[in-house]
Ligand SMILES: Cc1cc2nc3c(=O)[nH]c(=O)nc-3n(C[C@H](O)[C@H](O)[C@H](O)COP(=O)(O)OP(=O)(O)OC[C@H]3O[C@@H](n4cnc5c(N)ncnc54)[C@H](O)[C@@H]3O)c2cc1C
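Quick heads-up: it's one chain on its own, the form predicted alone, in structure tokens.
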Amino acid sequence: MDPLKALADAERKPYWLDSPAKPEPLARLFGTTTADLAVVGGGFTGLWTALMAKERDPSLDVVLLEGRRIGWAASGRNGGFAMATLTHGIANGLERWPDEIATLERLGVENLDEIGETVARYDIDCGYERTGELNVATEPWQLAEMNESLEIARELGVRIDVLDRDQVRAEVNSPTYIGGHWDRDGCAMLDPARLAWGLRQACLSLGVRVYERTPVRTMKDTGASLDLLTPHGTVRARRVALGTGVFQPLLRRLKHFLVPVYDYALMTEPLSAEQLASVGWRNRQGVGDSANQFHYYRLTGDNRILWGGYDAVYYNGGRIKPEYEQRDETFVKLAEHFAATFPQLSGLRFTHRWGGVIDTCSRFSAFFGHSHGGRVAYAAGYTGMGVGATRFGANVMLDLLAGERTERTELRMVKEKPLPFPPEPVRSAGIQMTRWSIAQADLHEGRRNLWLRTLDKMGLGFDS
């Protein structure tokens, strides 16, 4: 496969958002209105918060404000892997909250179950398939690392099939695979944009007032209300839930815990029946390889292959710019890696290439909190695992805003914050050093240098 030829006709836009199913935009907010609950952000965090607030209390007056279009950012640009894990994997959760890991695993599975139930209840057409995830190894050291937490995962009730070289290639046929683990229940595949649009419709059906193209510029506490000021109007709310991810926070404290990391993906043209047969993939699992710089890939409903990951790019200074959503160096690299993984698909072309920004924090999993005397709640820092975990985060915010002590709010994971990132320019220098060190580890059988070992001891990390 010539990567430049394969990419020649690829449109520079997110595949999921380039769809005839995309709904017409909703009206902007004009004038002043009031609400019991105002939700800021129209990605998964905000959508789940608004929907479940109305499900908990149908009499609640809920407003959702989105600065652009529902699902336009990370929620509409990801791989569509809805994961059960709330902790970015068992190993990360075990390292940080060993006394809670069994509870966190159970809550994660329940959360994913409830996502599937919600999709069915509201008849959301998002291609939801609970097919699990196939984690593949391409080097012996990766297989050894995968096996380290296998026994614990099984003790926690995770249904994992261990596959040797021939077995994993029988699932998905690549000459690069030497083994793998199939987590049977811990992942559902879906179309993330259509999930976001479906959640929008579900919110509207329950009476949520949704305003698009209505960015919130400022939040003011008047004592009587929390006033959200937009370009053409104001919402005076009793409670506010913030689901703005890595974008400019309305609470300044959040900027210390989040960095914008850009992730990139390609989408192929649909595979012919013969091409698909050459790969196998009859069980349609999501697939991820196991290097530090990893790829994730999956089939779509019309049998395209989404191929993403590997480069997790932080632009010095932590800026977010539209031009960062395209990076030809990464697209060529991804196309080359695709060709090495699936040489039998030589000649297949890519139709879309895009990037998006991830809200990354130092513990790789979401953090939560409240302010303004418990009248404002936030959830952020999903670090690439937000398709599933945002629903859990929404429930945490609603618990906090209600002042309720629940199993969720009593978790150390919920009560504790990640370590903050250092200020610039130290932040940029440290992240770039970490990216270089991660790449070196992959070249040296996973061995982590002094820099990475020091970060591990401090509980700091960088991931997508």
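A residue's number is simply how far along the shown sequence it sits, counting from 1. The model shown is predicted, which means the values in this text are computed figures rather than measured ones.
Another form, the form predicted together with the ligand, is not on view; read the next lines as being about it.
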property	result
Triple contact flag E145, G180 and S290 to the ligand in the predicted bound form, non-hydrogen atom at 4.5 angstroms	no
Among 89-97, 354-362, 276-284, 164-172, the region lying within 4.5 Å of the ligand in the predicted bound form by heavy atom distance	354-362
Heavy atom within 4.5 Å of the ligand in the predicted bound form - the one residue of T330, T268, T214, N135 that qualifies	T214
The unique member of Y324, W72, W141, Y310 whose heavy atoms fall within 4.5 Å of the ligand in the predicted bound form	W72
G369: touches the ligand in the predicted bound form, heavy atom cutoff 4.5 angstroms	no
Close approach of R77 to the ligand in the predicted bound form, 4.5 Å, heavy atom	yes
V210: touches the ligand in the predicted bound form, heavy atom cutoff 4.5 angstroms	no
is_contact(V40, the ligand) in the predicted bound form, heavy atom dist at most 4.5 Å	yes
Neighbours of the ligand in the predicted bound form among 373-405 [non-hydrogen atom within 4.5 angstroms]	Y382, G384, M385, G386, V387, G388, T390
